[in-house]
Every structure is written in structure tokens, then in C-alpha cells.
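To begin, one chain is listed below as C-alpha cells, in the form predicted on its own.
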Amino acid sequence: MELLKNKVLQEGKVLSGKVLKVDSFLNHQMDPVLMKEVGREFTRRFDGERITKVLTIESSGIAPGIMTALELNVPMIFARKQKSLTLREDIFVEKVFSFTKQETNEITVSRKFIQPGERVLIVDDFLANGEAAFGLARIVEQAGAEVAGIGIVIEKAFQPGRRVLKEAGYRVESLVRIGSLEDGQVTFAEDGE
């Protein structure tokens, strides 16, 4: 996706060989035109999958998730990381480790929002080791629903996330794949890499 690649090159900041900061357009300040195109592209890539819901994690997955849900004309759910006074019972709970924050979070989704037999598209901002996507997939499967696919805005292809998700049988579609962040430079991976 050229628009996204250009944003990464122009506004992304390489903080280390493993961390890319994209807070000017994706996960702090958001570019609504870009998010609209992200939603359109995920809809195009998952066309024919009979998706009934989009699932993401707060907070960075919400913008691409809601724009994808809007394009698909289905509801979006976000898994909460923070404890809620109104969401304590009848919930799915999974632990996920955040590579960027180096912490484990318990994510929760109300059981009433995912029903058996639904086809759920998981959308997230980054893919590194696959922890967030696996946590969301476990919630979908606990509900008796099916993971229709996993849509990632930016994948760090030099980390094992894609491989482990594909080995587990999930379809993964990444809009941009980063091959390297070495020497402070973003290098993109080709789809076959």
C-alpha cells in the first residue's frame, strides 16, 4: 500500500533496530484519510470472507478497526486493556505480552458481543511476535466463532509473528511489511520474504 509506505518513510521514526515510532499518523495522532484507505484495503483483501465483526485491541487498533468495520458495514469490538467497573462479569479474558511496552496485559471482551458461528476479522496496528493477534484469536475461538483472518497495518517481518500465526493456520494480510530497521533506516520486505 503505497500511501502507507510513504507515511512510514516520511513520518516514521526508527528508535532502534526493533522499534518504529508512527505516532504522527497511526497510534497517537491519526491521519483519517490514511485510516479510510486502510479500511478500504482490508475490505478488498478480505472480500468474500463473510465477515460479521471486526475485533481489535485498544487503543491503537481502534482507528484501523473502525474504518474497516465501516467499509464492511459490520460492528467493531475492541478488547479492553484497562479494568472497567461495568465490565467485570461474563467476559472473555486473555493475557497478552506487548513487545513495545514490555508488559503483560489482561485483555477483556464481553461475551455478548461475539456469538458462536460468527466470522471475525482481527485488525491491529502492528505485528511483531503475534501475541496480541493470538490473544484476540483465542477470545474469538472461546466464543465458538471463527477467525476469518488477521489484518495488520504494519508488520515487522524480521520478527516471528507472521510465521507463528500462519503455522497456527491463520490467514495474515499486512498492508506494509518492514524488512529491517537497522542503521536507523526503514527497509521494506517483499511479500515473498
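Start at 1 with the first residue shown and count on from there. On a predicted model such as this, the values are computed, not experimentally measured, just so you know. The term rigid core refers to the maximal set of C-alpha atoms that superpose within 1.5 Å between the two forms.
Beyond what is shown, the protein has a form predicted together with a small molecule; the following relates to that form.
S.K.: Report the residue, out of Ala128, Val140, Ala148, Val38, that has at least one non-hydrogen atom within 4.5 angstroms of the small molecule in the model of the complex.
M.R.: By the 4.5 Å heavy-atom cutoff, the listed residue in contact is Ala128.
S.K.: In terms of non-hydrogen atoms within 4.5 angstroms, which of the given stretches 66-74, 140-148, 38-46, 51-59 touches the small molecule in the model of the complex?
M.R.: Selected stretch: 51-59.
S.K.: State yes only if every one of Leu9, Ala157 and Ser180 has a non-hydrogen atom within 4.5 Å of the small molecule in the model of the complex; otherwise state no.
M.R.: Not a single residue of the candidate spot has a heavy atom within 4.5 Å of the small molecule in the model of the complex.
S.K.: Does Lys18 make contact with the small molecule in the model of the complex, using a 4.5 Å heavy atom cut-off?
M.R.: Within the cut-off, so yes.
S.K.: Does any part of Lys112 reach within 4.5 Å of the small molecule in the model of the complex? Heavy atoms only, please.
M.R.: No, no contact at 4.5 Å.
S.K.: Should Val176 be classed as touching the small molecule in the model of the complex when contacts are defined as heavy atoms within 4.5 Å?
M.R.: It does not: once the small molecule is placed as it appears in the model of the complex, Val176 has no heavy atom within 4.5 Å of it.
S.K.: Is Thr100 part of the interface with the small molecule in the model of the complex - any heavy atom within 4.5 Å?
M.R.: Yes, Thr100 lies within 4.5 Å of the small molecule in the model of the complex.
S.K.: Rigid core superposed, CA of Ser110 - does it shift 2 Å or more between the shown form and the other one?
M.R.: It does not, since the Ser110 C-alpha is displaced less than 2 Å between the shown form and the other one after the core fit.
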